[in-house]
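Here you get one chain, nothing else, as structure tokens; it is the form predicted alone.
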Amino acid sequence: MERLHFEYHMEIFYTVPVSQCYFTIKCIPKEDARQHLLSMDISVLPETAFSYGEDSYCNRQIFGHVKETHDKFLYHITGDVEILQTDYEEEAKEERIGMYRFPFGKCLPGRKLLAYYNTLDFSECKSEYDKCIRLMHRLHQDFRYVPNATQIETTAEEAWNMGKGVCQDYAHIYITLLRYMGIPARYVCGLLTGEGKSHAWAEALCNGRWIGFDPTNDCLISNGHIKLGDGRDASECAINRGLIWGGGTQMQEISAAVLQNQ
């Protein structure tokens, strides 16, 4: 077993004061067969009451309402996670597989992604797991990681046409192609040792189990990955969402750390 300490800090600055806001934050590690949340502490400024809950994907979240005028919103979470020695995330539940089989949102295959798929050779792959590994290696080889090359709204097809992107784009492209192959796949938002910010990867359904693949780093999910949430694409497990009155231009600063506990 591995024990990890994590911290996630987010600040949003507004050029025009916000008179009130409703917020939903999904930054609490998810409990599954691979990881167990041992402890956590959450703070929100301006200070306000908040509630805990889960969305339709069982992603854990806090939500609340800031009623006072403010020009900065701050969220900070720290805690410890135990990583268990399993090679999968969780057993698949049949009633929750269907939604991950089909194109959705930012994971829609276009002409150039389909043309790329037709260049891939899976003839030597004996299982869905082998196909996932083969595709991960090829995508890592054929797509370039370039910070700030894309935006949060960029789709898989748009990123592929550019030939470069960030972890979100790797995950979206990977998921799009897996679904086209007939393999259910879902998007994962999480934290990773050494990153300093949130990270994204994918899970694919192999032999009845969800297994994590990180195409950005060309590896299986390791003891350094902490899963926060999953969904059909990035929009469904976004860490921060809300509704504000006022605000003007927004500027956001995020920092994250994952450390091995001694």
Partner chain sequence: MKQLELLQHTDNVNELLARYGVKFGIYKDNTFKEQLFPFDSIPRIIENEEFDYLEKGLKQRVIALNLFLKDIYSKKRIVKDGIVPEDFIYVSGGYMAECEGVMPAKGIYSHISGIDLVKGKDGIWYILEDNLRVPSGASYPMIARELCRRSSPETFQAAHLEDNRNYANLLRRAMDYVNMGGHTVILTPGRYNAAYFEHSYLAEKTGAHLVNGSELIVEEEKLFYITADGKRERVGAVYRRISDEYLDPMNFNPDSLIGIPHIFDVFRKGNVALLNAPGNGVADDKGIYYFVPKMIRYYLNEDPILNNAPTYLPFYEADMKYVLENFDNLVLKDVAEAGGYGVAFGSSMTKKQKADFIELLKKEPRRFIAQEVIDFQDLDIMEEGRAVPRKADLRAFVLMADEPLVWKSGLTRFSRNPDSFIVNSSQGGGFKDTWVLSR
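Model, not experiment: these values are computed from the prediction. Numbering follows the first chain given and starts at 1.
Another form, the form predicted in complex with its partner chain, is not on view; read the next lines as being about it.
Under a 4.5 angstroms non-hydrogen atom cutoff, its partner chain in the predicted complex lacks His70 among its neighbouring residues. Its partner chain in the predicted complex is approached by Glu94, whose closest heavy atom lies within 4.5 angstroms of it. Contact between Arg232 and its partner chain in the predicted complex is found at the 4.5 Å heavy atom cutoff. Although the partner is absent from this view, His9 stays clear of its partner chain in the predicted complex, with no non-hydrogen atom inside 4.5 angstroms. Partner proximity in the predicted complex, defined as non-hydrogen atoms within 4.5 angstroms of its partner chain, places exactly one of 216-224, 33-41, 55-63, 196-204 at the interface: 55-63.
Residue-level contacts in the predicted complex: of Ala149, Cys125, Leu114, Met99, one residue has a heavy atom within 4.5 Å of its partner chain, and it is Met99. Within 4.5 angstroms of its partner chain in the predicted complex, the stretch 7-29 places a non-hydrogen atom from each of Tyr22, Phe23, Thr24, taken in sequence order.
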